[in-house]
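Encoded as structure tokens, the following chain is the form predicted on its own, with no partner shown.
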Amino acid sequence: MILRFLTSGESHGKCLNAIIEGVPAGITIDVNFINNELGRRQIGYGRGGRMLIEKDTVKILSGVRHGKSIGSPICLEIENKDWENWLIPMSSEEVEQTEENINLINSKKITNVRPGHADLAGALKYNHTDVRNILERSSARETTTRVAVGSIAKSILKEFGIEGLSCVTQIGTVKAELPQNIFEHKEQIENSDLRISNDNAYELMKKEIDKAKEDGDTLGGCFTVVFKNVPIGLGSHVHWDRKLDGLLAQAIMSIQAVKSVEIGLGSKVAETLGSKTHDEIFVENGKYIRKTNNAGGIESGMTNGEDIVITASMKAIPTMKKPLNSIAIDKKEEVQAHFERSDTCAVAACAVVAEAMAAIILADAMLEKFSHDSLDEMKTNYQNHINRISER
């Protein structure tokens, strides 16, 4: 990848960090835009108490001068505002072994693992007896930095008129139809704390979340991410690891709790005849057009000029007030799973994270195709590509 990034930080640590390499010089980097994207991730009916504690904001520590990227690595930092309550339990330095400190550390130690979480496999893999060493990093809090990095990727895409939007289509058993053109419903989706455009489904979804919360349970759901104005020819058919649909699927599957990813028609291709699956090609005003988009904008690993359409399913969060049966790893005894402050439903937030991950992959594909040293060079190459295609 050209647009590479690493993140660090724990859920209750001092801060979260990201270092991004490959951003071309000349991209406008707006702190307010990044903070707005971070805010979008925190909104959602069914979210837990942490959203009331923290309003995430970013600090840009390097790679940007006077609001523009300069071509060197960009370093971002997001402070955990709850850190002051975790100074001793999450200290990176050795702690004085006073009775008070030992009691504080022990009060945060976890040995009861949660089914469906990284707890057991992580503790055994890394040889930890305190599961907090695993859950602090495997927590979905880590996705905060992904959204920040995705904001930088969106800033690159914005220079070429490429825009993305997510929409929730299911919470639990309640489904909502995806609008035919979700960008026409953007304001309604962004103003909805469930990221839907269907008023009838909204109340039913809220009731489903309220019932799960009352029962001490959790809920998952589905969402769709769409990117428009993506040029033909991103990705490649020549090697498995350059196919854009594979890269997008991997990026979104990597988000905590996501269990399936589909492009376009997705799993419905299994029941659909070829004559109804493949998008016929026409010429209109000298341009290639499709009247359907079952391929979701990607054919043989390459963009075909139609909207990129990605649908993903998120499982219910494994941290529940009414815990499942599990074991304590220190004694191998049967116990109730650990409960840590948690959301009842976070599908809307997951959709925003998926937007960010898709933006990162698409921005990287743009950099690979059109150069990555400077925005000016990139725009020149992009325009040459568009002109060449229009003349074919």
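Numbering starts at 1 and runs along the sequence shown. What you see is a predicted model, and the numbers here were worked out from it, not measured in a lab.
One more form of this protein should be noted, the form predicted in complex with a small molecule, which is absent from this view; the next part is about it.
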Closest heavy atom of Arg146 to the small molecule in the model of the complex, within 4.5 Å or not? no
Asp82 versus the small molecule, in the model of the complex: is there a non-hydrogen atom within 4.5 Å? yes
Indicate whether Thr319 is a 4.5 Å heavy atom neighbour of the small molecule in the model of the complex. yes
According to a 4.5 angstroms non-hydrogen atom cut-off, is Arg40 in contact with the small molecule in the model of the complex? no
Of Arg341, Lys59, Lys68, Lys55, the one that lies within 4.5 Å of the small molecule in the model of the complex (heavy atoms): Arg341
Just to be sure I understand the contacts: of Leu265, Val230, Leu244, Ala140, which is the one whose heavy atoms reach within 4.5 angstroms of the small molecule in the model of the complex? Ala140
Tell me which stretch of 110-118, 293-301, 245-253, 163-171 has a heavy atom within 4.5 angstroms of the small molecule in the model of the complex. 110-118
